[in-house]
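One chain comes next, on its own, written as structure tokens: the form predicted on its own.
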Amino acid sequence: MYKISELAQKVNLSRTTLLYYEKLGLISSKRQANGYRSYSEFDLQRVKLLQQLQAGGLSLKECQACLEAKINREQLLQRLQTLDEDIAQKQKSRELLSSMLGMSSMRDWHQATDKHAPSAHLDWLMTQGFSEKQALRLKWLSKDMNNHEQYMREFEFIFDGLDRLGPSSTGDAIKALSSIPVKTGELLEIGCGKGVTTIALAKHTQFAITGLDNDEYNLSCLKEHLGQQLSLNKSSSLEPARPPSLQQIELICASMTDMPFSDQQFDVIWSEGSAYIMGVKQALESWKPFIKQDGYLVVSDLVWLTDSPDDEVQQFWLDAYPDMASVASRQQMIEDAGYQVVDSYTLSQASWDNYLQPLQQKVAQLEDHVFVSLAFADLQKELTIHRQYLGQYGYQMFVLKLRN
């Protein structure tokens, strides 16, 4: 027989807990002549059995039911399912904590967070010490703060020597220009990159062009291309359509989310394949103040060209570009933002060839190179998707006029 203090010590429980168990009828004591409670060996083993059941995740009420009657299999299956869900959630919590400590990738977390709370995600990344440029690149390229620097080094290594980061062609740019009645004034190209479209616009219009990009290296490549064009024009016996010059094109390194311009400064704002970085809806609203009354916005975006894409390509773009929409949905968003659609067309195969063929050649040259990050694997996957499914999606050029 055990006194309550002795039983409490053997089962490592408090006296209060044992009294509560006795009140529930799980154990029973006998009163000695001196009034003290005493418990039997059976009570000791009963408490230990109860502890084993609790270790299996059962509530006290469920433990009592198991002790007093046959096991309720359905009840235990429900408890097992609940435990599995709890374990899965705790595993996710553990993975997140280890990721935040730099012990594993945060890619899945970043993708999910950016899908549900893009603005808060960007703000949080900047709170962690990333510049806006780094944070934006992390959101749409590396998607992993723990491996971002290595990813970007390898991404830039792969694209070194290539002029385009996405599909574009002079023919498609001229087609958009033909829908705009004004050919003089001020034009801002947002996300000008290495300047392929910038130079085409300078050749075929009389606009004073401002090229904006947040990457100094891209802008230095554009300056070099402009110098080459000037040299080529001077040495050529042919009369150029309109030779681009450094006087006609001003280059500014700044973020598209915080542009250093005056209200209604530009007759035309031009942005090919870059609005999605900050979100098309936000871009339409944020850029509007810089456009003159009756001015124009030319923007291209990746869209679905079918209502029933294959599962593989749908999942790929759900991860890579969750906000991707149909042409009709984009047009509705555009109209809701206060623009009139002047023209809309899908970029040509030539635009895709200009982007994909040099990239495919470069990737083939680098197949034996050792990459640490996922940059190379991501591009290989993208190229595979393009080979198999291009046509179910594509870039759509929108020529928009600002409504009064």
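Start at 1 with the first residue shown and count on from there. None of the values given here were measured: they were computed from a predicted structure.
The protein also exists as the form predicted together with a small molecule; that form is not presented, and the subsequent description refers to it.
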Just one of Asp323, Glu132, Asp267, Glu95 has a heavy atom within 4.5 angstroms of the small molecule in the predicted complex, so which one? Glu132
Selected contact from Ile334, Val313, Val182, Leu136, since only one has a non-hydrogen atom within 4.5 angstroms of the small molecule in the predicted complex: Leu136
Interface membership of Leu212, the small molecule in the predicted complex, 4.5 Å heavy atom rule: yes
4.5 Å heavy atom contact, Gly295 to the small molecule in the predicted complex: no
So, Leu187 and the small molecule: in the predicted complex, are they within 4.5 Å at any heavy atom pair? no
Just to confirm, Ser274 within 4.5 Å of the small molecule in the predicted complex by heavy atoms? yes
Complete contact of Arg164, Asn218 and Ser255 with the small molecule in the predicted complex (any heavy atom, 4.5 Å): yes
Stretch in contact in the predicted complex with the small molecule, which is absent here, among 200 to 208, 313 to 321, 274 to 282, 109 to 117 (heavy atoms within 4.5 Å): 274 to 282
